[in-house]
Ligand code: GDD
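A single chain comes next, written as C-alpha cells; it is the form predicted on its own.
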Amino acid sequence: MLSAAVILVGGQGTRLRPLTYQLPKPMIPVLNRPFLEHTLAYLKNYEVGSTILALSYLPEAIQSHLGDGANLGMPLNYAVEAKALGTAGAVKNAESYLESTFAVLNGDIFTDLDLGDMLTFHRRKRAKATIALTWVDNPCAFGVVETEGDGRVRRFTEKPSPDRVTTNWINAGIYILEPEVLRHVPEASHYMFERGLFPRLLELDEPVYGYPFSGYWLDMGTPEKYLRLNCDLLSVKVASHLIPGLSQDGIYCEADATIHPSASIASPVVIGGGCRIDQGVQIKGPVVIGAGCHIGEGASLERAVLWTGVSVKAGSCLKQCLVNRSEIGGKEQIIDFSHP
C-alpha cells in the first residue's frame, strides 16, 4: 500500500482553450462527471493512504467541489501554489504530507495501469524513483526514456526530433518515489521532474527505473483526445472505477429526462438529468449528453459530447464533436470539430 498520492492538477492547457478558461482541465466532464473524480476513484481502488491535490490554476473550483473528500469516501488534502511551481516544485510544496513511499500522477492522464504491480516492481528494484513508461508510435511530442535491460534508466530526452528518437517508450506521467528524493528539489521554485529532478538523480547514480506497461493510457489534453476518452469509456475499451459496469449496448438515462417516443437512440449513450429530446431526433452512440440539454426536433447526434445546458437547434447534424456553448446548430448544419 502507498502512504500517499499526489495529483498534479495543472492549469488551462493551451490545447484545450477555451474550454479551460473558467475551470481547471481536470474538472472537465467525462461521462458527465469531473475527470478528477475518475482519477480519485482509480486511486481509491488501490487503497492509497491519503491523496494530496497540488493546485495552482483556479484552486477554489476544485476545493469547493470536492471539499475534504468525505462524499467520495477518501480523505483529501490540498497543496496550493502561490505561483506555478512546475511538476517537481508542486510535489515539494506538498512535502509535509509525504513521509514514506508515495505516487505522483499527472492530473490529465487516464490509465488502467496496475499501480499495485508498479509498487511491487519499485520495491523489488529498491528504486528511489520509478517512472511508468508507455509505448507510442510517435514519441516526438513526449519525454523519451531509455533503459537498460533490467529496467534501470539510462537517459532522458525531452521531445526529441525524429532523427534523435532512440526508443518509443515515453514518460507516462505516473511515478512512485521515495520522499528523500525531494531534498534535491529547491524550495518555492519552479522545478520539473522531466528536466530537473530525474536527470539530477541519474547524475548522482541514484537507482531510477522505468516500469513499462501495455495497458490503456491517454493524455486528454486536446479536444480530439478528450472526445476519444469519452467514446472509449462508453464503448468499454477501458473502464472507470467511478462508473463501473458500463456496457457498449447500454443507454443510460437519468429518470427526469424527457424523450419523445419517435426519437431513435442507438447505444452506447449517456443522457443527463433534465434533458429534453424532441420528436424525430436521431442519436447514434457513443454520445454523452450533459444535464439540462435540449435536442431540437429532427436533430441528429453521432460520436459527440455535449456539456451541461446545451441547446441544439432543430434540424442540426452534430457528428464527431464536443460542444460546451449554450446554443448550437441550425437547419441542415453539420458540425464536425474533431478528427481523433
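One-based numbering along the sequence shown. What you see is a predicted model; the values in this text were computed from it and never measured.
The discussion below concerns the form predicted in complex with this ligand, not included here.
Interface residue remark: Ala239 is not counted as part of the site for this ligand in the model of the complex, having no heavy atom within 4.5 Å. Within 4.5 Å of some heavy atom of this ligand in the model of the complex lies at least one heavy atom of Ser56. In the model of the complex, at least one heavy atom of Lys159 sits within 4.5 Å of a heavy atom of this ligand. This ligand is not shown here, but in the model of the complex it comes within 4.5 Å of a heavy atom of Ile109.
The stretch from 252-260, 77-85, 95-103, 206-214 that comes within 4.5 Å of this ligand in the model of the complex, counting heavy atoms only, is 77-85.
Each of Lys25, Ala90 and Gly143 comes within 4.5 Å of this ligand in the model of the complex, counting any heavy atom. Checked against this ligand in the model of the complex, the candidates Ala127, Leu197, Val153, Ala172 yield a single residue with a heavy atom inside 4.5 Å, and that residue is Ala172.
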